[in-house]
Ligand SMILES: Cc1cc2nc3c(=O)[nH]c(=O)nc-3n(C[C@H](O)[C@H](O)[C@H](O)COP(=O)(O)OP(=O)(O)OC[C@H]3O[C@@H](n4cnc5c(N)ncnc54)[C@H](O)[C@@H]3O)c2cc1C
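Just one chain follows, in the form predicted on its own, and it is written as structure tokens.
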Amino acid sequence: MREIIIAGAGYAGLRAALDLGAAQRKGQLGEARLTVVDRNDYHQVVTWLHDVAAASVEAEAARIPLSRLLGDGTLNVMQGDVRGLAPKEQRILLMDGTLLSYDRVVVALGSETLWPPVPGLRDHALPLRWWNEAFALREAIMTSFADAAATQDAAERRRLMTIVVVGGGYTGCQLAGELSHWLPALADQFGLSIFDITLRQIEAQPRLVPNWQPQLSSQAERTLRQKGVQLLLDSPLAEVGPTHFRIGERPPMPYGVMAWTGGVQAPALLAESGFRTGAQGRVVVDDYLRAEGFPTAYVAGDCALWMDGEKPLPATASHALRQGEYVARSLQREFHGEPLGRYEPTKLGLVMSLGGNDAVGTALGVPLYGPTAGLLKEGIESWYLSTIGVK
């Protein structure tokens, strides 16, 4: 009996699990037992977390129970937090002490928040990487506006109604765009003036989404400014206190709630487990998405470091999905004694929503802006849900 363990049920892990489960039902895996291990009992729709934080989708819509997706009995689904891997011994250790042995493993543990050494940042800013963090951010903003409605101090009211998004990447821009629509409605809900709202987005680099084409970054900046977002570019964060933050040597600036979207990294346990890692702590892989030196361990999604020329392949949901598909096919080929085909990333493009029906991005190399890009973004989300069996 071959033991195949899929560690992580994010975009890459879930896709691999669904495809391997389908192959198992068709009798294409032979004598194999499939196990999925995830820290949560649900699959989180990461591309909706900013919507959860800005109350533009129902919170529960962004987490789908694994029992609903993988509950037909083909796979064994375990809720457990991976503590470490022993690739030489082909074992996985969970936080509760459970030890799992495998013949093949798919390491798809996603990523975790990267906290730079900015004094006070981790103590006072709220991250946006997991569903529970998105929900907590939404609740914090609502509480801050409720407190604003209860105070008679005008300066304190304006501080509480100042929301700061730190990070000018994909997640930060999407969050700022959605907040620009929600905050006025929230102010009206609490009987507050929209003129007391301040929404700021801070980026250390000279432009938003610095790894994008300059014209796309410029379009994102124009759109967000038109929505009332105050952009502070070329502004590295220096210090964060409970009510004020500082950029460089500038005077302290007040805020009510601060969201940190400035970066992610692969889980530290990957390097600690003996895998060779590189940029962002991601595992160096061979031509077949196997961990270098450990051919029984496939790595996919945010955990895999695939070099696209001189740069790492971006850790996007699109690439994670296709890596999950590739790994599932490779395992089937391997167990049938067939040669593996080299992994080649598919570059369809990337679309970033900016609130409402606005978006910016590229599709097959063609730049897209405004409602056209927004419709494409909605279509992509609907397509994804359909591929995992959600209608």
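Throughout, we count residues from 1 along the sequence that is shown. If you're wondering where the values come from, they're calculated on a predicted model, not measured in any experiment.
The form predicted together with the ligand exists for this protein as well; it is not shown, and the discussion that follows is about that form.
By the criterion of a heavy atom within 4.5 Å, G301 is counted among the residues contacting the ligand in the predicted bound form.
Shown alone here, Q201 lies farther than 4.5 Å from the ligand in the predicted bound form, counting heavy atoms only. In the predicted bound form, the ligand sits within 4.5 Å of a heavy atom of T316. Contact annotation for P312: none of its heavy atoms lies within 4.5 Å of the ligand in the predicted bound form. At a distance of at most 4.5 angstroms from the ligand in the predicted bound form, all three residues G10, L49 and L128 contribute at least one non-hydrogen atom. Residue-level contacts in the predicted bound form: of V105, V240, A320, L186, one residue has a heavy atom within 4.5 Å of the ligand, and it is A320. With the partner omitted here, the residue from R329, K347, R39, R33 that has a non-hydrogen atom within 4.5 angstroms of the ligand in the predicted bound form is R39. Note that among 147-155, 129-137, 245-253, 178-186, the stretch whose heavy atoms approach the ligand to within 4.5 Å in the predicted bound form is 129-137.
Residues A108, L109, G110 are the ones in 89-118 with at least one heavy atom within 4.5 Å of the ligand in the predicted bound form, listed in sequence order.
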